[in-house]
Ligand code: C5P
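Next up is one chain by itself, shown in structure tokens, the form predicted alone.
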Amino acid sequence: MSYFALVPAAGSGFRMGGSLPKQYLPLAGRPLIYHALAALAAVPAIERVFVVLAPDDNEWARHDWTPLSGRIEVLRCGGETRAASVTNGLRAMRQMSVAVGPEDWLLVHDAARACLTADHVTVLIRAVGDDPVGGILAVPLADTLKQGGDATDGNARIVATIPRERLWQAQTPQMFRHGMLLGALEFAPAVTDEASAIEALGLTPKLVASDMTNFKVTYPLDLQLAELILRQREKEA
């Protein structure tokens, strides 16, 4: 039984604006995706980190990945959705020189969660490594949730308050066995995360407590916050 990581990075990140795909936006002197890859590559238990790119991605080659040499491997088989990219990546991994078996663990991580640390990953591996299903990093919701009504003019109004008890905000990595995850995604291809595909099989993934620094860079202000976090970590190192 071995551990591998998979980072789908075939999207465009249109909510960030601009013409450059979000995963390549500059962050603390590197492309945004570099920080997530470096955190995964720093975990000794992970044998290889696979990156799923769009087949026509021309940006990857413009950056220096030599500090991660020998730890990452590129798969140019990205699909139109995250689930399609992960599914294609899982299939391609079976054909690589590094043998990946159906019982090996796969940690799927968002390229845009740039503030991931090796400690985050280690906590997940320790908590899930002997679980029959798998699990994900997540944080309990702290804010009150409001459901808004339909509004085409941008003036939505509250129609309900949703109790936050027992609600968690899903993060990544999400860790499942290769064979189980591939089968789940083929069964439920329209999901937005890997845990949802596993749930579609009637299984219950484990929730492993994380923290809010492992957030997903989605909007321009998120990029500034990620920069602050990474720069502060550099000072403390």
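These numbers were taken from a predicted model, which means no experiment stands behind them. Note that residue numbering follows the sequence shown and begins at 1.
This protein has a second form, the form predicted in complex with the ligand, left out of what is shown; the following refers to that one.
Here the chain stands alone, but in the predicted bound form its contact with the ligand, taken as any heavy atom within 4.5 Å, falls in 111 to 119 among 111 to 119, 97 to 105, 161 to 169, 141 to 149. Under a 4.5 angstroms non-hydrogen atom cutoff, the ligand in the predicted bound form lacks Gly129 among its neighbouring residues. Among heavy atoms of Thr87, none comes within 4.5 Å of the ligand in the predicted bound form. Shown here without the ligand, the chain has only Lys216 in 209 to 230 lying with a heavy atom within 4.5 Å of that partner in the predicted bound form.
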